[in-house]
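Let's start with one chain on its own, the form predicted alone, as structure tokens.
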């Protein structure tokens, strides 16, 4: 009688029982909350930007902005800001306490980054479930830095009088606006690259929803 293969430590498979998730529930939850916060902040920020543009050639169609008018956009933007800050602080605290940052985002070696970047451009970069390649590690560390920058510059232009020292660090109010815009553009760029990678390797999406990969293929069988 045919029997399905049962994974075992001897065969190098997953031990019997419920497998350990590739991403913890906390990481998955903060990931999606962060995605919502960024969506709110970016789209409402575009509406705020249109009310007083920095560059004549840059304008965002109203259909892709949030808030409807300047006052509404500001309310959405502040709501998204507190969600981003609260969720971000929880994620950073968990990342350091659990070893997630050290384990998944480090080390960052220039040679590995260059190697994986070239492989990615040639569409030859292998994907190992639950592991970040050097380019991914660099992108995640970079977007964390941009998140800090966008929050600090946002505070500087929100309260330029009360936070004069912070505003001065960014070169004044207009300098803070430029930094805020540049950080926003960097985050949007990260999101675009992130979505492109998901489209190229769609099996990474279930791992961030249910914590594991979906194996839709037929189970292998072996005759005794």
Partner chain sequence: MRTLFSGPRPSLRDHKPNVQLAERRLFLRGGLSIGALSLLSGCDLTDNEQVDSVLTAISRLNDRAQAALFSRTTLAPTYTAADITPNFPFNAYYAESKLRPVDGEHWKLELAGRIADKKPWTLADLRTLPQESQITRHICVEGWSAIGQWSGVPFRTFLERIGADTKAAYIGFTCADDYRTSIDMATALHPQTIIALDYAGAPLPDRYGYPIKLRIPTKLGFKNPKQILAMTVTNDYPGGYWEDQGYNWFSGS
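Numbering follows the first chain given and starts at 1. Because the structure is predicted, anything quoted here is derived from the model rather than measured.
Same protein, other form: the form predicted in complex with its partner chain, not shown, and the subject of what follows.
Peer 1: Please determine, with the chain shown alone, which of 108 to 116, 87 to 95, 143 to 151, 68 to 76 has non-hydrogen atoms within 4.5 Å of its partner chain in the predicted complex.
Peer 2: Selected range: 68 to 76.
Peer 1: To verify the annotation, which of these, 197, 184, 37, 48, has a non-hydrogen atom within 4.5 Å of its partner chain in the predicted complex?
Peer 2: In short, 48.
Peer 1: Though its partner chain is not shown, can you say which of 26, 32, 190, 173 has a heavy atom within 4.5 Å of it in the predicted complex?
Peer 2: Here the answer is residue option 173.
Peer 1: I'd like to know if residue 123 sits close to its partner chain in the predicted complex, meaning any non-hydrogen atom pair within 4.5 angstroms.
Peer 2: Contact with its partner chain, no.
Peer 1: Determine whether any heavy atom of residue 139 comes within 4.5 Å of a heavy atom of its partner chain in the predicted complex, and answer yes or no.
Peer 2: The answer is no: residue 139 has no heavy atom within 4.5 Å of its partner chain.
Peer 1: Is it the case that residue 134, even though its partner is missing from this view, gets within 4.5 Å of its partner chain in the predicted complex, heavy atoms only?
Peer 2: The answer is no: residue 134 has no heavy atom within 4.5 Å of its partner chain.
Peer 1: Does any residue in 140 to 160 get within 4.5 Å of its partner chain in the predicted complex, counting heavy atoms only, and if so which ones?
Peer 2: Heavy-atom contacts to its partner chain in the predicted complex: 158, 159, 160.
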